[in-house]
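Form predicted on its own, single chain, as structure tokens, below.
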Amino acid sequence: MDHHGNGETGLELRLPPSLWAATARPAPRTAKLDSDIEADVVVIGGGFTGLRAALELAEGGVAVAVCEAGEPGWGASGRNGGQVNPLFNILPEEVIRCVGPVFGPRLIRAVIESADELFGLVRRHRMVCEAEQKGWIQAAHCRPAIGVIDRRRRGWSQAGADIVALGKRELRERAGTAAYDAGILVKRGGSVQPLSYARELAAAALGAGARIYHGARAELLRQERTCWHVRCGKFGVRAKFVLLCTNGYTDGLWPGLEETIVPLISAQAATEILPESTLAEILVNRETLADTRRVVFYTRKVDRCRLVFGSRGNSDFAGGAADIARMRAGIARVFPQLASARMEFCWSGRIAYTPDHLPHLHEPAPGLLIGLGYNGRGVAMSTVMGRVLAERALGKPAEELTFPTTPLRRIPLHRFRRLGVRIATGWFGLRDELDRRISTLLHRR
């Protein structure tokens, strides 16, 4: 998920301050790319996707090199909310309509099992990343949204997901908030400390024989006869395969790829350390929580002493004043008992939105594989995508993969995406609030 830091300066990208950076496992020792090297596969991007792919390839006996512009977990992989959410925002029938009757069922099964796959990987490699498979709650932010999540529950339950309905009383007892009238509990969901997870993935890949290079921003990618050449500053890597795993930090390294996704800013804040009694009735079973707002609120409890709260942001780094104000307003809305809590950390990162709400796998040239576009489900789905990319590089036929291999499809008017995102975020936030107010007034009548 990590690679290029558009708009950032300096020869080496520094990990921005966050709760995760302050509490993560120590970073594994990685190398500087100080000479030209050769590999079987070069992975561009040292986030969840690239690191999972590198781990699988190294375990398969392949010589793999990872080129990361910052350090493993520098981008969204080390800055996301750490929620492991095994459910798409669209219904199973929409998945099948988008990708067809062959890949549709495979993709549906993959997302349902994505959290199990991640937590199984954590157990197998004994990763220390605060992994908890306690479930994920999605709450309806207004009464009309109750029908939305009920259709989601029925559709995904029929497809095999383990989901239960939550009424207002049970939701309040579980989550500690009266802000929502109903919800669903996806039992296979959970959470990780995301930067620790990225670092543990890197450590496992290194232990299996992968080479990981920090401060190695890929500046040029070109095909030379039967191999590929990736130039990172003065030095480069030659390899038979390239895996491009840059997600929300994708730039113009491969023509047209940047125009296939819209990078969105996800901002988060973490409260100061609070008395355990203050948080005792919030998310009592340690589930994670997100709602159905167009500009979503999401939250989780960390170490029984902090609340982490997130939403759409505007600032590309540590949240700006508008992001902090939005976090404060969101916490006050959902957990008014914490309205006066001080925000000790605020940070942000990029996620990649795709128009069909699905991850994309591309193979635009022989030996070049691309996986990106997780739409806020990146912790779980990037873990799956990394495995699938490795399977393809190891020789699995494209028609047998979990994801369909699709052509690059540029989003119309992509050059105006930043202005469009800002306008849309403001408009959707207004609609969310209007929906809530109208719903409340009608319910009172």
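Remember, predicted model here, so these are calculated numbers, not experimental data. Numbering starts at 1 and runs along the sequence shown.
There is another form of the same protein, the form predicted in complex with a small molecule; it is not shown, and what comes next is about it.
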query: Residue (of 350, 188, 199, 153) lying close to the small molecule in the predicted bound form, criterion heavy atoms within 4.5 Å; finding: 350
query: The small molecule: the contacting residue among 114, 266, 271, 260 in the predicted bound form [heavy atom, 4.5 Å]; finding: 266
query: Contact segment among 74 to 82, 140 to 148, 106 to 114, 323 to 331, judged by heavy atoms lying within 4.5 Å of the small molecule in the predicted bound form; finding: 74 to 82
query: Contact test in the predicted bound form: residue 298 vs the small molecule, heavy atoms, 4.5 Å; finding: yes
query: Interface membership of residue 253, the small molecule in the predicted bound form, 4.5 Å heavy atom rule; finding: yes
query: Contact test in the predicted bound form: residue 218 vs the small molecule, heavy atoms, 4.5 Å; finding: yes
query: Residue 377: touches the small molecule in the predicted bound form, heavy atom cutoff 4.5 angstroms; finding: yes
